[in-house]
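Form predicted alone, single chain, as structure tokens, below.
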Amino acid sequence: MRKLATVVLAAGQGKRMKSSKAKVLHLLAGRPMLHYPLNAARETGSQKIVVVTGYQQEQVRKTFSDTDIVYALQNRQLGTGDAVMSAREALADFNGDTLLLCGDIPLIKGSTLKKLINFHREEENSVTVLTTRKNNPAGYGRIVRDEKGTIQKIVEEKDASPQEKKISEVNSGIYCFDSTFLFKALDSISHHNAQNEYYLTDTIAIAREQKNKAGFLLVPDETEVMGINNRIELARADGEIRKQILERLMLRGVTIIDPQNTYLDLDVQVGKDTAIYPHTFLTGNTKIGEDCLIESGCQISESKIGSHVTIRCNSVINGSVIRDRATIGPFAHIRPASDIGEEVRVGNFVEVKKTSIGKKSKAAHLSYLGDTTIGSEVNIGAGTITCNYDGVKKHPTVIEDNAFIGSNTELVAPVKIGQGSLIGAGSTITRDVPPDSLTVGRAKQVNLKKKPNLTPPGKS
């Protein structure tokens, strides 16, 4: 079996993106654009992957620090041929086939690349190009054939004649080369063209001139080889990737009520029999168990959700764990480093930050719980606040099992509420409460008799 190397071109700035960020670092479904062609290359079993960088090379290398990637630097932006030449040193000792990908073609499938490689080898080609037909081929290199249908050359848009511009079959920018032929052909490329660049596309004509075999493989779906040059195309590609994510989940037993208005990142995992309602965003490395209900308007990021969990509408969960059979929301905010236990209820307008809540405890509404450890079967009354910040430092609150915190209570940290204790409504607690205590920390109520003929305020 011949060896396979992959070269991924990722040196361009992408000026039409109107961004200070390198084009290949823009996100698609939560992952940088370059992730997708790299992943497709790995699916082919490529023994070596070379990424050609240029603009913001340090950021690209930092983002993709995988050990299976070798980097090459294109110092000057002189076209695709020059970019591939930059990888010559990295492939100096390589003998086999070289797959060439573009970092801005993220929808390419590993299965399609395998077909390209197999076809290239079966036909014993020196170069094989992946092509497609486009309804609007403007901007793409045209595939020029002879009367027998044999590929003769690729003509770039700016160099094409009016007749050639009518050709609908275009170059995808993806190739498979015999490595020996590739670098010999690159030495023959000139920059005498409309853009004064070294075109990799010229290798097709060079192969024909040298009596080497050049071939093509047509991709029926032009979307798969869609290039990203601006924010409009970025949004289209993002939508296509997210569509594929949702379709895979639905085939695995997940209910998506309205796929066109549900947004999941690539790394999100969802168990069977879970239902997700519209206008929900599940992002980052989020994992949701089986038989959950995620209502409309929820945002869940970098979190682990157990099974049989209900997330009511418009709740936000970030960097936290929600355990089995818990109920969150509506309008709850679970901030990072929180751990919500089994069968816990966190209700409407409750904010939780860096807090663990034990099994079967509940904070039904209108509370703030920060830097708090809460035991099991604890009741947090409406309006309860843990006063965890003194203006300089954050301080912890501990509420032990079976405690009952009455409504409108302020727990001034650091403070500990003992097991089985009851805090009267409206209390301000500044000292530890021993177990099994009834504690009331509020001013004594005073009732004064109203004086006769007292004029109400604001009237005379």
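The model shown is predicted, which means the values in this text are computed figures rather than measured ones. Sequential numbering from 1, following the sequence displayed.
Below, we refer to the form predicted in complex with a small molecule, which is not included among the displayed structures.
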| task | Indicate whether the small molecule has at least one heavy atom within 4.5 Å of a heavy atom of residue 141 in the model of the complex. | result | yes
| task | Find out whether any non-hydrogen atom of residue 74 is located within 4.5 angstroms of the small molecule in the model of the complex, and reply yes or no. | result | yes
| query | Would residue 103 sit within 4.5 Å of the small molecule in the model of the complex, counting heavy atoms only? | reply | yes
| in the model of the complex, residue 358 touching the small molecule (heavy atom, 4.5 Å) | no
| query | Among 128, 98, 172, 203, which has any heavy atom within 4.5 Å of the small molecule in the model of the complex? | reply | 172
| said: Considering non-hydrogen atoms and a 4.5 Å limit, which listed residue (294, 334, 154, 344) is close to the small molecule in the model of the complex? | reply: 154
| message | Among the candidate stretches 378-386, 324-332, 114-122, 172-180, which one is within 4.5 Å of the small molecule in the model of the complex when only heavy atoms are counted? | response | 172-180
